[in-house]
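As structure tokens, one chain now follows by itself in the form predicted alone.
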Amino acid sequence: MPGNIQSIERAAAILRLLSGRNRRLGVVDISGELGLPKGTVHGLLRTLQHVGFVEQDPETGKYRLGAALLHMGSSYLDGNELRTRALNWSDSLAARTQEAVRIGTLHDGQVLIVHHVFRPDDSYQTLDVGSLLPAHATALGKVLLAHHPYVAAELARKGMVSYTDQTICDLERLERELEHVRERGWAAEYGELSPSQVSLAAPIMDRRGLTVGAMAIFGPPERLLAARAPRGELLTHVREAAQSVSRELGAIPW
């Protein structure tokens, strides 16, 4: 049986690396991350750019995912039943809370954003669909990890990155947090990924009773918190929206 094609594996590694970052990366950055020669990385990037899978910033020379690849990813996500069933409810949640909404699923120990509704105002926002977020540092991820505890243990084995001084990087502490999430049916993240952001999330279940996704709102603490706790009305809206999507997926009525 023929072996894997090394150049394709390396190109895929570059795309995965770019998909997991919010910033552009240069040849030297990618070379160092993947342990590949700079000449090899440059050649792969040039080919990926030619087919539209990556784009290069003309000012910095750094790379990001290209429009062609993002379009292909969106085509896949359009067929994702979770996203399809959640479209109306996520729009409604954004309107009711006046906050941005994300829907995510677990993917290789991270949270894959399958749908994103902008905060309904005129502020500058970037589309997160197709991006990967750290599961241990987000409310979406905590909801998903709470119902897939073996993934949390695997993350701890690999080492959990600290993004702020609030990020939970200790397995014992994370397991206590996930137990609380299971008991109360929702998760919160207080500046654990970004100091200026808070998020509130609830699980989405299917007809088998399995947690197949999570829905969250996110924004600054002054809008989402009151007396350092989640605002009750916002949390209610999030849970009700997630429950509505769950019913769409055939979950037993709540």
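The model shown is predicted, which means the values in this text are computed figures rather than measured ones. Definition used throughout: the rigid core is the maximal C-alpha set that superposes within 1.5 Å between two forms. Residue numbers here begin at 1 and follow the sequence given.
What follows is about the form predicted together with the DNA, which we do not show.
- Comment: 25-33 is the region of 223-231, 206-214, 25-33, 182-190 lying near the DNA in the predicted complex, near meaning a non-hydrogen atom within 4.5 Å.
- Note on contacts: among 198, 44, 54, 202, the single residue with a heavy atom within 4.5 Å of the DNA in the predicted complex is 44.
- Remark: residue 218 does not count among the residues lining the DNA in the predicted complex, judged by a heavy atom distance of 4.5 Å or less.
- Proximity of residue 10 to the DNA in the predicted complex: non-hydrogen atoms within 4.5 Å are present.
- Put simply, residue 64 is far from the DNA in the predicted complex: not one heavy atom of it is within 4.5 Å.
- Residue 194 falls outside the set of residues with a heavy atom inside 4.5 Å of the DNA in the predicted complex.
- A displacement of 2 angstroms or greater separates the C-alpha positions of residue 61 between the shown form and the other one, with the rigid core held in common.
- The two forms, fitted on the rigid core, differ between the shown form and the other one by less than 2 Å at the CA of residue 239.
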